[in-house]
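A lone chain, given as structure tokens: the form predicted alone.
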């Protein structure tokens, strides 16, 4: 990205901050007031012209002031935005929201999306972990008669998945109990997505009666293992975004509402690049989702036992208070991870 002169940086910062607050294009006279009229409007217009030529700002219509472009917002976030620090009162509010005991992971995730939404006054987003990313606490196997079994998978965070399966042969009750003990002794505490490769490796090494046990255990696991499903996402506060001036245009609001309803593209945006740590800011056309090119997504991943399993974020217009939102998303992602670590 181009390097800007010091005065151009100052002018761009004023334009971004003023436009975010007022939703009005920013003119040279408004900028001059920030310099206490030490610079003439003509001098400022010259700096604005340079910024416009390099696509950091744009003029929405003739005789109007200037507004930031996606490139301008990106430069602001990368180079001009103050170091994001969560305000003490925001940290206290987040801590208070997490203080109550919550016994259900789904409720905890919904609470987190509400926290993000209410404190940012934008749409708060939380992508659920997939079942495969969780840790196994216990597996229960119950005979339903004949060759039919009910297999219940229970994660350490309380999520439950069950599956009825039909086997090619009937397994005696004693042997079924032995398989159940074997699976729980071998697999408890293991990440679910690691289970099938682990059993396949065990089967190759096993001999005699242990080989038979491993083979039957692997068959039950393969038949009953939770099927991969599309990622779920909790969204709270869509109304904040739809009420913004940018979305008073019916077509824009319709496209945004469609993305918020379907959630598929949005969950991928929030999860972002799994190789990058920290808060990720995707501005306008950077996120390649045409329906919400008028929006930015600020997101960060959360972890369980040092494993990234999901993400939290905020969606709002490109004209957002980036410092405030970035600090909030960063803080909530870390606090949410801590709550998950402690929560059983």
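Numbering follows the first chain given and starts at 1. Superpose the two forms; the largest set of C-alphas matching within 1.5 Å is the rigid core. These numbers come from a predicted model, not from an experiment.
Same protein, other form: the form predicted in complex with a further copy of the same chain, not shown, and the subject of what follows.
Visitor: Go through 215, 147, 138, 85 and name the one with a heavy atom inside 4.5 Å of a further copy of the same chain in the predicted bound form.
Guide: After the contact test, the surviving option is 138.
Visitor: Heavy atom within 4.5 Å of a further copy of the same chain in the predicted bound form: which of 202, 253, 267, 219?
Guide: That would be 253.
Visitor: Which among 175 to 183, 190 to 198, 96 to 104, 77 to 85 is in contact with a further copy of the same chain in the predicted bound form, heavy atoms within 4.5 angstroms?
Guide: Heavy-atom contact with the partner occurs in 96 to 104.
Visitor: Indicate whether residue 71 is a 4.5 Å heavy atom neighbour of a further copy of the same chain in the predicted bound form.
Guide: Residue 71 lies outside the contact set for a further copy of the same chain.
Visitor: For residue 171, is any heavy atom within 4.5 Å of a further copy of the same chain in the predicted bound form, or not?
Guide: Although a further copy of the same chain is absent here, residue 171 would stay clear of it in the predicted bound form, with no heavy atoms inside 4.5 Å.
Visitor: Quick one: does residue 236 come within 4.5 Å of a further copy of the same chain in the predicted bound form, counting heavy atoms only?
Guide: Yes, contact at 4.5 Å.
Visitor: Would residue 91 count as a contact of a further copy of the same chain in the predicted bound form, using a 4.5 angstroms cut-off between non-hydrogen atoms?
Guide: So residue 91 does not count as contacting a further copy of the same chain.
Visitor: What residues of 75 to 97, in sequence order, lie within 4.5 Å of a further copy of the same chain in the predicted bound form by heavy atom?
Guide: Nothing in the stretch sits within 4.5 Å of the partner.
Visitor: Kindly check if the Cα atom of residue 111 is displaced 2 angstroms or more between this form and the one not shown relative to the superposed rigid core.
Guide: False for residue 111: its C-alpha shift is below 2 Å.
Visitor: Checking residue 165 here: with the core superposed, does its CA move 2 Å or more between this form and the one not shown?
Guide: Moves: yes, 2 Å or greater.
Visitor: Superposing on the rigid core, do we see a C-alpha displacement of 2 Å or more at residue 192 between this form and the one not shown?
Guide: Not so; residue 192 is displaced by less than 2 Å.
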